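As C-alpha cells, one chain now follows by itself in the form predicted alone.
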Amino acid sequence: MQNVIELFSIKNKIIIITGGAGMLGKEYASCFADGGARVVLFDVVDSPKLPKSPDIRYVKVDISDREAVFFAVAEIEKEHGRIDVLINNAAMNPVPGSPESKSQFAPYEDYPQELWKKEIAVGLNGMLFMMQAVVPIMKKQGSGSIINISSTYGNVGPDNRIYDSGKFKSVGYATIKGAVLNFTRAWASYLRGTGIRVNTLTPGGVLAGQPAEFVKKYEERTILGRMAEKHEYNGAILFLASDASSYMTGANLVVDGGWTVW
C-alpha cells in the first residue's frame, strides 16, 4: 500500500494545462511544479506573466486550431517521451465588470453569433482537439489522467440576480460548461480498459477583483458565505491528477462552497 505522500505524488509527471496564462491555470501550474512535475502551459497570450519556476514552460497555442494543437502536443511528446496529465482549462470567462465582459453579458436574444462561435471554438472544439492529440500518446503509455474543467453553471442555471441590471451570464459559457460533463462521461466510457481516466472538476467562483456588490451577492448564495481563494482548488486538482483518484473516472468533483447544495 502506498503511503500518503506517494499517493498524492505528481513528481516527474508531464502535465499540459490549456488556458495556462489565466489566473487558475497559473495557480495549478505552481502547485504542480512545487510537487515536482514538469508543466507546459498552452494559451494565446503573447507575453504572459508566469510563475517563476524552471519546471513551468509556456507555449503559445491557439487550441481552436486543430493543426496547431497536434503540432504542439507532438513537440511535447518528442521532448519528454510522454504526457501524464492533461487539464482542459481554457474558456472565455471574463471577470464581471471588466471591459472584456461587455458583450458576453448581453441579453440572450442579442447574444452575438460570432461570440457564440468563438466560445464554442475555445471551450468545446479546443477541448476535443486536445483530447484527440493527447489520447493516442496516453494509450501507448497505458496510463494518463485527463481533467476537464466545468463550472457551477455547468450543473445549474446561471443566477442572473447577482449581476448588474441588464447583465446576464453568457449563454455560451453555461451551455459549454454543461456539455463538458457529458463530454467527460463519453470519453471515460470510450477509454475503458486503456488505463486512462477522465474526470471533471467543477470549481465555483474565485475572488479576482470583481465589483464589491457582485461579491456580496455571490457570497450570499454559498453555504460557506464567501468566494474561493485561487489556491483552494489546488487540493482537488492534485487529487484528480495523482494516484489518489485511481478508482475514479467519468465523475464530476464539485468544489463550489456549497452553491449547488440548496
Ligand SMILES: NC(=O)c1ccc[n+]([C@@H]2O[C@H](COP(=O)([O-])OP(=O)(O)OC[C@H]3O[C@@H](n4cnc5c(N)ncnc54)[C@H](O)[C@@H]3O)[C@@H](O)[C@H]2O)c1
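In this text, residue numbers run from 1 along the sequence as written. Note that the structure is predicted; figures quoted are calculated from it, not measured.
The same protein has a further form, the form predicted in complex with the named molecule, not shown here; the description that follows concerns it.
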Query - Partner-proximal stretch of 186-194, 150-158, 73-81, 135-143 relative to the named molecule in the predicted bound form, 4.5 angstroms, heavy atom - result: 150-158
Query raised in the report: Do heavy atoms from each of F42, V61 and G204 fall within 4.5 Å of the named molecule in the predicted bound form?
Result: yes
Report task. Evaluate I10 for contact with the named molecule in the predicted bound form, applying a 4.5 angstroms cut-off between non-hydrogen atoms, and reply yes or no. Result -> no
Query raised in the report: Does the 4.5 Å heavy atom contact test between M131 and the named molecule in the predicted bound form come out positive?
Result: no
Query raised in the report: Quick one: does S170 come within 4.5 Å of the named molecule in the predicted bound form, counting heavy atoms only?
Result: no
Requested in this report: Please check if I15 has a heavy atom lying within 4.5 Å of any heavy atom of the named molecule in the predicted bound form.
Outcome: no
Requested in this report: Could you check which residue among V122, L181, A174, V85 gets a heavy atom within 4.5 Å of the named molecule in the predicted bound form?
Outcome: V122
Query raised in the report: Out of 10-29, which residues reach within 4.5 Å of the named molecule in the predicted bound form, heavy atoms considered?
Result: G19, A21, G22, M23, L24, G25
